[in-house]
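Listed next as structure tokens is one chain, alone, in the form predicted on its own.
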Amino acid sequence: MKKLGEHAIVIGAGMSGLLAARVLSDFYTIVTVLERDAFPAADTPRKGVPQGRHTHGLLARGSAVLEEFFPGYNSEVIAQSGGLIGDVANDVVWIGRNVRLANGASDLIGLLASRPVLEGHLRRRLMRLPNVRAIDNCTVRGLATDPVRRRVTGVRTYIEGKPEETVNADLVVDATGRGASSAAWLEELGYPPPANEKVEIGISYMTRTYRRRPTDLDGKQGIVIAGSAPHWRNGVMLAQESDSWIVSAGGYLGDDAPDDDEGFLAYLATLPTMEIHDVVASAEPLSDYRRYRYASNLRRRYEKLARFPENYLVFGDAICSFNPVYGQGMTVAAEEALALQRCLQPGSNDLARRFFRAAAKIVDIPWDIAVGNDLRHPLVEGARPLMLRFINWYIGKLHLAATRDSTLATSFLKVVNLMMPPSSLLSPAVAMRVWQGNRRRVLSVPSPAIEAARRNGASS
């Protein structure tokens, strides 16, 4: 491919930054990744990734894109670190709206491994490229600019014990995540910051790892439980490397799971199924309890800015971060990497405007999925237009029909895995299956906690 410049800098060595660097390596002579953390010697959690100790899995679309950029990545994670690959629709139990979706064979192949393993393998693969280098323990304090030509010319970096240094670049990409400084840096340069969209959800979840036994969960690789009335609590248990389970459970708006054995088990017993509870009750713990809090879905509307400096981009969670229970972040970053690749192919002219518009179209779908589902909770504040209310009603009917229809369940999971747009669920063929399925008896999930809540509600 034609080189567009001598040097590109990516700020941040998380999954987003590594993917951005991989794309840039095809268009710039040298790519430098700057990371404020120290890279761990082994695949262990690091300070700059607060979710690194919590549940992760790579959706089918994300797994496919990483394989495209790094051929053999999935098999490498499995062979070298004990990750697992499986059929998302058949090897995982999915429970939503208090019903269980029917399992069935599909072409949705996902990758299960801890966040440190996923990131560690990606970083090592990237570092094998001859024109990519990484500098850790390096803090970026701001942008270097040419105010006359209205362009970014590099970054100001600081490494402890050394004087601040300006590193020149033809392109700078901010991939530092939700807490990115780009908006503040833009204001310092006289540019307006992007407008923010925020939906407060107050999600908190507790995570612990356990020894995994072959008979657990009838041999399935995981279970995902979406929060619904009456308790609105989420739960997930996914197989990980080293014969382990990672288990997370939590709720909205401060409904925290306890960090003691008795309290955690009692909390798990309020989920729409006892399956996670029953595994945890007899499993060997492999870690302490860890809590993670997430205040809001946050989207920064860079695509709506009329002015933006040349030679600068914002990427990944620095553009939009979603409720983590939906597991979309890494896959959205992978899709944005593909969009960046397409935007760079014709050249770097007007790159920011073209990329931010492309990224906005990518973000629209997972944003609508996450926010639309969060707004089902009656105490989550936000607009609920008629179309959103209809979609949530329709998805509820789809879930009921999908308790017996694995084809319908797979159609839904293709949307969840970002393989198909939500509009695909409104096609005549799918709508007919929804209608037919709602004429049959629903296979509900037996839950003592939910039945008790319903009885109490009926008697009050």
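In this text the structure is predicted, and so the values were computed from the model without any measurement. Numbering starts at 1 and follows the sequence shown.
Beyond the structure shown, there is the form predicted together with a small molecule, which is absent from this document and is the topic of what follows.
Proximity to the small molecule in the predicted complex holds for all of E35, H54 and T139, with the criterion being a heavy atom within 4.5 Å.
In summary, among the residues W367, W94, Y294, W232, the only one with a non-hydrogen atom within 4.5 Å of the small molecule in the predicted complex is Y294.
Exactly one listed residue, out of D374, E335, D87, D317, brings a non-hydrogen atom to within 4.5 Å of the small molecule in the predicted complex: D317. Here the chain stands alone, but in the predicted complex its contact with the small molecule, taken as any heavy atom within 4.5 Å, falls in 320-328 among 254-262, 145-153, 320-328, 186-194. Contact annotation: K414 falls outside 4.5 Å of the small molecule in the predicted complex, judged by heavy atom distances. Although the partner is absent here, A175 sits close enough that one of its heavy atoms falls within 4.5 Å of the small molecule in the predicted complex.
For the chain shown alone, R46 is a contact residue for the small molecule in the predicted complex, at least one non-hydrogen atom being within 4.5 angstroms.
Within 4.5 Å of some heavy atom of the small molecule in the predicted complex lies at least one heavy atom of M15.
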